[in-house]
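Shown next as structure tokens: one chain only, the form predicted alone.
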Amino acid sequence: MAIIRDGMAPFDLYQPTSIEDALSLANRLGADAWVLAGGLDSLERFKDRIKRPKAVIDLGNIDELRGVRREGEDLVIGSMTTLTEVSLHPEIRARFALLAEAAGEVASPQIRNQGTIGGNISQDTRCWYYRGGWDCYRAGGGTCYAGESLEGQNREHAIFGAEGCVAVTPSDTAPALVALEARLVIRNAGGRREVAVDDYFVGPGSDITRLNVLKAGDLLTEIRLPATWAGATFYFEKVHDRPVWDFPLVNIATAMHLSGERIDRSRFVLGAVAARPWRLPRVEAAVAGSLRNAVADSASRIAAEGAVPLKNNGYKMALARNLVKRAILGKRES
């Protein structure tokens, strides 16, 4: 299906200055409204006319949604805090350097200056069939052109958890937040709820049309980092085609509590291999109580267990194994 690139379809623009006003608008406008964060992903889709909302709620003027603060043991990050601020904030760097590094790997400096942490974890998949206007499962159609067609182009697609749709989450910060056991605050006209970040993301087996739990009327307002992994040993690495301004082919975020070189507890999370950040509980169990050097090889061998590669993305299995090994050892290849 051809993409129309002749400018955006018209819409009503709302620019609230408070969370309450934004929630009222979201409740009144319902499914007709599109909530705009940094706008980098959204505006591209508006210009291509893949998305044609009747109304856009721009959150850019709501100061309450920006900044980083302490609340007890939690570090709270407003959803509209820019990726640049997340990557450079001294307390995030001191206590949760994993997230700071992941945010600093997103795209380019210009995009990080505009893009937000809430937008980065909530962005839609980059599958070109879906974003190109094809009538795939995710768009409400009846096939997956990347996974079911013999001619499908699927180099960047899923090796885990593909049930119909093989699109992946493109976020760099989402795996880091899963590794850190973050909690996300979602508000709507009915009140406030807090969800574990693991439960924020949606796989195709649950809902093939979306990547997260946000529904019409919902706003993601805060990301809360508990002290559980503060000051742990972290590892983040992103493999991508270009050195800047690119999405991951595979990335990894790891948090480990060490006693010397022995791994007491850990969380290993891969990105860009499934529709949601993909935890590796078998790797975590395998390394528990072991010395890093002693367990790196054996743990890496189970990193891709359960993977089902497509025609063009089998290389992701090797990447997953190598990234897990490097994360355990804390060493990147030169």
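Start at 1 and count along the sequence shown; that's the residue number. On a predicted model such as this, the values are computed, not experimentally measured, just so you know.
The form predicted together with a small molecule is left out here; the points below concern that form.
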Full three-residue contact with the small molecule in the predicted bound form, heavy atom 4.5 Å, for 41, 79 and 214: yes
Is residue 35 close enough to touch the small molecule in the predicted bound form, meaning at least one heavy atom pair within 4.5 Å? yes
Using heavy atoms and a 4.5 Å limit, would one call residue 254 a contact residue for the small molecule in the predicted bound form? no
Closest heavy atom of residue 178 to the small molecule in the predicted bound form, within 4.5 Å or not? no
Please tell me whether any heavy atom belonging to residue 84 falls inside 4.5 Å of a heavy atom of the small molecule, as the geometry stands in the predicted bound form. no
Can you check 258-266, 105-113, 188-196, 227-235 and let me know which stretch has heavy atoms within 4.5 Å of the small molecule in the predicted bound form? 105-113
Tell me, which of 59, 299, 26, 274 has a heavy atom within 4.5 angstroms of the small molecule in the predicted bound form? 59
